[in-house]
Ligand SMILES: Cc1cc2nc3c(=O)[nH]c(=O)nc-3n(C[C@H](O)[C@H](O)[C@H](O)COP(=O)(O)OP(=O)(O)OC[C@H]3O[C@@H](n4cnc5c(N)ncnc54)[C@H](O)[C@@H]3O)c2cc1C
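This document opens with one chain alone, in structure tokens, the form predicted on its own.
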Amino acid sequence: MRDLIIIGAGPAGLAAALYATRKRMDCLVISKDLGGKSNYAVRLADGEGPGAIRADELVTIYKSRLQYLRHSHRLAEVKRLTASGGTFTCALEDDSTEEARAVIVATGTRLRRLGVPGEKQFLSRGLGYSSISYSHLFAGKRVVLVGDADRVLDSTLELSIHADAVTTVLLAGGWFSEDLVARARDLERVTILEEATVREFRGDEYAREVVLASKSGEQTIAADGFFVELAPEPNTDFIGDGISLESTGSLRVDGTNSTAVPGLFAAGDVTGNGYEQILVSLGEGSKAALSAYRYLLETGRANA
């Protein structure tokens, strides 16, 4: 039995693995890939300008450390996580199991897609799913935001500070706070399109325009960047009985990244922290690993 299993290898999971290794814990990382959503950073056609700091470059460094420690990770999917008698069991897709005295869940979230032509083609090339990390790059530029809830309006308020023009598409069938819609509509640089649907994204090497349909007919809007702001879903389908989830599917943690289950920790976007920032996830993963280490020491359960 291992000291610690880390499920997920995005920024939070990679940072947790690095700190667990430093503390000489017997640790195993289980994930379908290395890097998570950081593998899909958005690039703009004209680049980011001089002096841009790319957080995903830090993730590359963390990935290289884990790849070097080949015995410390398995490229696999956890189908079920259960807890019993202070022991956590991970059932994997190949019907094998791994056990540990502590677990860190760092599985992040999965994107919700529109499923329209051009969406997959331009992913990461002018088209992304969260504008929060990129708003500062849109000074003097045009951006189109698409969403079905208040998330897209929050992004609108932020982008309106930076971009020259923000077109916000409120998808038909969505739910939006009237006060947020009114605030966004009053902003000089913002255009609100209600009850619309996205037909397709078009471009060359990068996304250049989006085709929309609404009550007023079809229109094509050109921009420098496009973001589909549909709320992502936490990757917690594998969580078994006895481990409670929030109504959103996320794992609730306290200030030490501990859940209500002793020995179970969570870090990154899977906790519903709402930031979706690589640097935040790196910090949370580090904290979760240190908390797990403290837990094992205090309970006298760390391997000698």
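For every residue, the number given is its place in the sequence shown, counted from 1. Owing to the predicted nature of the structure, the values given are computational and were not obtained by experimental measurement.
What comes next is about the form predicted together with the ligand, which does not appear here.
Between the options Leu111, Val190, Ala196, Val211, the residue in contact with the ligand in the predicted bound form by a heavy atom within 4.5 angstroms is Leu111.
Within 4.5 Å of some heavy atom of the ligand in the predicted bound form lies at least one heavy atom of Asn235. At the 4.5 Å threshold, heavy atoms of Asp254 stay clear of the ligand in the predicted bound form, well away from it. Heavy atoms of Ile7 reach within 4.5 Å of the ligand in the predicted bound form, making it an interface residue.
In the predicted bound form, Thr107 approaches the ligand with a heavy atom inside 4.5 Å. Heavy atoms within 4.5 Å of the ligand in the predicted bound form map, among the stretches 201-209, 180-188, 130-138, 94-102, onto 130-138 alone. For the stretch 17-34, the set of residues having any non-hydrogen atom within 4.5 angstroms of the ligand in the predicted bound form comprises Ile30, Ser31, Lys32, Asp33, in sequence order.
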